[in-house]
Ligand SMILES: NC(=O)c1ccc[n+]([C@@H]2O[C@H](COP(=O)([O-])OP(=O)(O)OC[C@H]3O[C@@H](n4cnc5c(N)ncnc54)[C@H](O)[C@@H]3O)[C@@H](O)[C@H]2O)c1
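The chain below stands alone, shown as structure tokens; this is the form predicted alone.
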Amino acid sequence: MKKLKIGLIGCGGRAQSHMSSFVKMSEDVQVVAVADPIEQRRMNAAKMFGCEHIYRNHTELLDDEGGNLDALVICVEPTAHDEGMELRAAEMGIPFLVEKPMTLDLDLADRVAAAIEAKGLITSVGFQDRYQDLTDIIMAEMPKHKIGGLVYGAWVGGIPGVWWWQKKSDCGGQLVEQNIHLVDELRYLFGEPLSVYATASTGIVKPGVNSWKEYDTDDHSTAVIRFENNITATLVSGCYITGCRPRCGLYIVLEDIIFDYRLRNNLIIETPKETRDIRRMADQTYTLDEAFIKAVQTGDKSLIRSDYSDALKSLKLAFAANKSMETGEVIYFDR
């Protein structure tokens, strides 16, 4: 099978997991170009792969290498996405994998999606929970039971240290930047939403005291998302915790079965007859990366569990929740 020539745009924290995957896939992948505005990061990435094509930004990389690449992997902060990145890659016909959130500009995202469709491109978005063995188990078991009930979801912890996370204008807020993983997992499990209502609160985190002075995002938020089949999910996000680790994940309570998905760790399944505790065995980022590489090699789009167009629906759901926080209104979705 063809060995793919890959370009990396962004070589920071999240990119490291993808880079580890590509080291393990050396028979199928050759990273031939890297770009990052921070010299140490781009040089470290180049050294890892013996790569001689090293750039400060995506524009330089695409100018020089675009015609030679089989695929791109894009891992940049939310505000770094611009028309010269995914849109240009799509127009050049380069398949790409991009980390979430793909952008904070929904108009740009719509134009990227249209360009992808026009080219028939293979794309993937880094919603890694879809690729977990634990998710596979839920998906296989759930149809055997009565659907309908409540879902409690949470992603609660402290404030990540990256500079752009503490300003809502730079990250979209915790629901858009971080808990969008569980927003997407809900869509994967239960389909498209009917409505969302959300609230948010500030005042616990003190800017300049236990955060950066520029901190202006929500300390916590709660979104109530209704799906078909009498499923209502309550999804909470919080970044005010210090010194302890609350449980995160999804607690799915159907009529005759409970799925207690503990975020990327284990799954407890409870029925009237038994209780099972199943540990996560697979590295979901590797599985995601492997699916993307094989899809590009073979042209088989069915290997991708979250392409750009589908991921855009999760992004729009998260932004709809933000709008509800701002307006106090229930947001309804067209069916």
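Sequential numbering from 1, following the sequence displayed. Since we're looking at a predicted model, the values are computed, not measured.
This protein has a second form, the form predicted together with this ligand, left out of what is shown; the following refers to that one.
Task: Among the candidates 231, 75, 94, 109, the residue which, in the predicted bound form, approaches this ligand to within 4.5 Å (heavy atoms) - done: Among 231, 75, 94, 109, a heavy atom within 4.5 Å of this ligand in the predicted bound form occurs only for 75.
Task: Contact residue in the predicted bound form, from 85, 225, 239, 183 (heavy atom within 4.5 Å of this ligand) - done: The option sitting close enough to the partner is 85.
Open item on the list: With a cut-off of 4.5 Å between heavy atoms, is residue 44 one of the residues that contacts this ligand in the predicted bound form?
Closed with: It does not: once this ligand is placed as it appears in the predicted bound form, residue 44 has no heavy atom within 4.5 Å of it.
Open item on the list: Considering non-hydrogen atoms and a 4.5 Å limit, does this ligand approach residue 100 in the predicted bound form?
Closed with: Judged by the heavy-atom cut-off of 4.5 Å, residue 100 is in contact with this ligand in the predicted bound form.
Open item on the list: Just checking whether residue 132 would be counted as a contact of this ligand in the predicted bound form - the rule being heavy atoms within 4.5 angstroms.
Closed with: Although this ligand is absent here, residue 132 would stay clear of it in the predicted bound form, with no heavy atoms inside 4.5 Å.
Task: Interface membership of residue 173, this ligand in the predicted bound form, 4.5 Å heavy atom rule - done: Output for residue 173 is no: heavy atoms all beyond 4.5 Å of this ligand.
Task: Whether 7, 66 and 290 all lie within 4.5 angstroms of this ligand in the predicted bound form by heavy atom - done: Result no, not one residue of the spot touches this ligand.
Task: Option from 269-277, 32-40, 292-300, 305-313 whose residues, in the predicted bound form, bring a heavy atom within 4.5 Å of this ligand - done: Selected stretch: 32-40.
Task: Residues within 4.5 Å of this ligand in the predicted bound form, restricted to 263-278 and counted by heavy atom - done: Heavy-atom contacts to this ligand in the predicted bound form: only 264.
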